[in-house]
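Quick heads-up: the structure tokens below are two forms of one chain, split into structure 1 and structure 2.
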Structure 1
């Protein structure tokens, strides 16, 4: 009995040091931030000197038009970048899921944008969007078309395009890996049954890829809510608040407005939103996994 109990507890004992360190590294900062959000706190004070105000910061933010604008910009930005990156990345993976000479070189070229530092990406796109010497307006001018104020009238669209350029390769690589891990027997069975290429994609490949695609989309969605450097370099959140996402609003509130308690409350709102999205997508992933399992079982029965 004791030996059986010891055998059961051994894995937990080995995991205990790492779990303890992770708990300290995770729980302490979260608790510190949550406690700070209940205070009227500024950088000139230690947290023990700040006045306790309860939920005042949360209530103030709820009715703050600047916070709501940043929240709206964040949702818009995250929605469009994730939708377009998923569509383009999965589409490219489906297109290039075949034996092509030089595929390894092509994959390397595709992932290059991911390897560039965000600050460099922001500077690069800022100069390409330049109203007089930028490549886009120079091209429009050479074609006899009117120049566009990219970072003025179309600032949000411009930063969305930059993010799509940088992170679509991430979706492409994971989607291609998911495609190549699919059981070939299922695809062969569909081909023998007379399924066309589009039918194989729509009814076989995409449903079986869906659990991986959902996790991929979740990772990009979480990252899109936290983008800071690229937008900061390109537009600094302007003009007005047109590109000020929540991460930038939090940074400005803490550094420029010197309201650490309000910034902590904003961070908690962002954390809550990401937790809701994460749990929702995990629940959807479970449903898709069950659907994929039923699909694979049905194909094996047909064989």
Structure 2
């Protein structure tokens, strides 16, 4: 009896510390934020002193041109980052999927950019983009070309380039892993049938990699909304609002404008968008699993 009871309690004992920590430091804060977003709340007040204003913060934000601008900057950034990184990353994976010496060294060097701190990445690029000291303008100058105002007029582009530098390896490594786990027989069969390299890529490899590629792209998209430090160090959101992504707007609203309620409502908008993305990723993998299970069943019936 006692032993039986102990066995039944085991999973709860194993789960307890994680559940406790996540409850007080993730779930409770999120609930606190949902409630806080309904208040007119500034940092000097405790939450019980703040005035209840209903959905006012959400409505104000919806018509706020600064918030809209920031939202569209975020979407632009995420869109271009994911498109370019997918194109370059998958392209490189297809190109480098060969049996060559030193592949592991190459992969090690490739993951360096995403392991070092975003703050440091921002700092590096801020230096390289510097109008007079930076290496890009210096090179352009030496070549006799006109200098580019990297972090001024083209700030958003420059920020996107820095992110591409940092995160393309992520896509590259995941798609290389996907590529190397493809069944060799299909590719072999296509080769025997006389498919050219391009045809193999286009009709065999890419379609077979597609499920993993979609999950990778969604993962990267979700992460693209989390980027903050790189941009903060490079441009501080400027010039104007041209690189002010949502995460930065939230932190400015909270600390500079001292409107915690509005910042909380903004966080909720961001969270909502990410939730949709996560759920669609989840639904997609489920769908994929079900489809492959059905295919497998159909094949077995045929035999």
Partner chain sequence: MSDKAHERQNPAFYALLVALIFMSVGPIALMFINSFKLDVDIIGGTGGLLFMPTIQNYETALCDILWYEPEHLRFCSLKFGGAFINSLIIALISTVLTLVIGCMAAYALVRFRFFGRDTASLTTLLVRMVPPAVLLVPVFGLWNNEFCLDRDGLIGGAIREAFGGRGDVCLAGTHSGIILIYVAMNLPFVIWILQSFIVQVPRSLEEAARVDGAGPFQVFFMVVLPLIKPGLAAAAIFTFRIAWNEYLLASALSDRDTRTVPILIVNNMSEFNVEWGVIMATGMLLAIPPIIFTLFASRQIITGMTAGAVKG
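Keep in mind that this is a model prediction, so the values were computed, not measured. Under this definition, the rigid core comprises the largest set of C-alpha atoms superposing within 1.5 Å between the forms. Positions refer to the first chain, counted from 1.
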Only one of the two shown forms is the form predicted on its own, so please name it by number. 1
After a rigid core superposition, would you say the CA of residue 59 moves by 2 angstroms or more between the two structures, or not? no
Hey, does residue 255 budge by 2 Å or more at the Cα between the two structures once the core is superposed? no
Would you mind giving the Cα movement of residue 13 between the two structures in Å, after fitting on the rigid core? 9.5
